[in-house]
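Same chain, two versions here, written out as structure tokens and called structure 1 and structure 2.
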Structure 1
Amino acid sequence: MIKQAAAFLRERDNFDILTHDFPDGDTLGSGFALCIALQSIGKKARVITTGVPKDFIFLQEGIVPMSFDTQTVVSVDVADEKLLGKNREAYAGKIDLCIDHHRTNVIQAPLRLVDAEAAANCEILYYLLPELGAELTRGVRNNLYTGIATDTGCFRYTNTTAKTLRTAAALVELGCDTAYINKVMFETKTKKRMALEREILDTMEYCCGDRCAIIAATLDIQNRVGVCDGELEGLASIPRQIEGVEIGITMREKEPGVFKVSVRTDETRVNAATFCSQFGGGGHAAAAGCTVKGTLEQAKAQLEKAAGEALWTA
């Protein structure tokens, strides 16, 4: 399928590359790496995203801004058109090539390159871009490493495989800026982010015999602390760090009464993707997401009930 996808990309031009809403390192790394690669072989390409958090601005290095009439639409790290956010209306039903690593992918594109065994979507891109005939330049390497490192929690999560480590090692050997990327992604926090975490920890609640922990970043907290979208990334890892917690749930209020929910599990007892599917979401066995509506207490009650059922049957 990689050869077919590469042949398709070589034949086409004028690419719009779609990332998912609330973009993270993997969707942005995939999008910008593919954009740089396509431009390097003489194609016109641009990344269509709902925003680039401050910490990921460096990923755009080497991209030439372009204006053109769209001919080809490619989605990267997008499991469902619903995840396109404000771009959904413009691109629904128009995706020509879907490149993804989610087992729950439901995008009906003419050409699909979906590898659910890949720890990150950027892992797929690492093998696709040379087949395309593109050089793995410094910008491409940094994008790919960022996507792989962030989607594996710097290689700590259960999705990390031997192939993942070999891919990352190859990028290091090629000269990606590993130390800089790791510092920015995993060791640097703004004062606002620290204040946010303090507030978030105060919302921590346990249920199901302390086997489930829930935290909530309400609009009130976000506004009081004054954080931007980029400073909200990475909160999902907090509740699963607690000893004895099997389901970690992070609620982020997007607008009044609408919560973006991130679920983290150890996947051996509770499948996060299955858990989120009952709310119309999906993802991976150990990390998934969905949207729940209602007041904070109503949304929390729905999640606690689902957690209890999941743990009871586990």
Structure 2
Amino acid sequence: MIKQAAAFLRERDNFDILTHDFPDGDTLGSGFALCIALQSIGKKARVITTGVPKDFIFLQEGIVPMSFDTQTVVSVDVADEKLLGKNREAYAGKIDLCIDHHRTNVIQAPLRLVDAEAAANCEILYYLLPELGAELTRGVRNNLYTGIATDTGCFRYTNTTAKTLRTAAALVELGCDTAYINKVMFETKTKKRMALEREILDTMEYCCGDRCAIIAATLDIQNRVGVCDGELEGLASIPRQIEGVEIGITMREKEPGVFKVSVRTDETRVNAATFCSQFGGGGHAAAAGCTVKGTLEQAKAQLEKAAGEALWTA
């Protein structure tokens, strides 16, 4: 499939490369790496995003802005056209080549390079780009490393395979700015984010004999700290990190009396999706979500009751 995709890319020109909405390191790293590579072999290419977050701007270095009539559409790290955000309408049904690593990929493109064994989409690109005849420049390598490192929590998540580590080793060997990338991606928090964590930790409550922990980002806290939606990401991992906690619950007030709830469990004992289905939600065995209404205390009481029942039957 890699050779077929490479042949297709070599044949065609005027590429629009689509990334998913709420872009992360892997979709942007894939998009920019492919764009740099295509431009380096004389093709016209550009990356279509819904915005590039500040921390990822450096990854665009070396890309030449180009205007052209689109001939070829490639999606990277996009599992479903729904995830294209504001670009969905313009590109629906027009994807020629879909490069992805999500097992759940449902894009009906004529050519699909989908490898669910790859920890990151950038892992696939590391093997595809040389087949294009493109050199793995420092810019390309930085993009690929960023995608692989961010999608694996810097090689910490269970999706990390021996191949992932070997791919990263090869990139590091060729040279990339890992010190800078790791610092920005994994060791930097905004002042607001730090203030948010401080407020959130103040809301931590334990129940069910400390086997369940709940935190709540109320509108009051969100307004006081002045965070936007994006800055609320990643909170869900906090309560589950605590030793002995089997159900970690993160409540995020969306509007007064409406809480978006993220549930994280050690999937072996409590199934997060089953837990959330009681509240009309769903998800995966270890990570799921739902919406609960009521005052903070009412919503919390419902969740605590469900946690007690789940742990009782576990």
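Bear in mind that the values here come from a model prediction, so they are computed numbers and not experimental data. FYI, numbering is relative to structure 1, first residue = 1. By rigid core we mean the largest C-alpha set that fits within 1.5 Å across both forms.
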Quiz item: Do you reckon the form predicted on its own is 1 or 2?
Solution: 1
Self-check item: residue 258 C-alpha moves between structures 1 and 2 by 2 Å or more, core aligned
Solution: yes
Quiz prompt | residue 220: Cα shift of 2 Å or greater between structures 1 and 2 (core-aligned) | solution = yes
Practice problem: Could you tell me the angle, in degrees, through which the smaller rigid part rotates relative to the larger one between structures 1 and 2? | Solution: 23
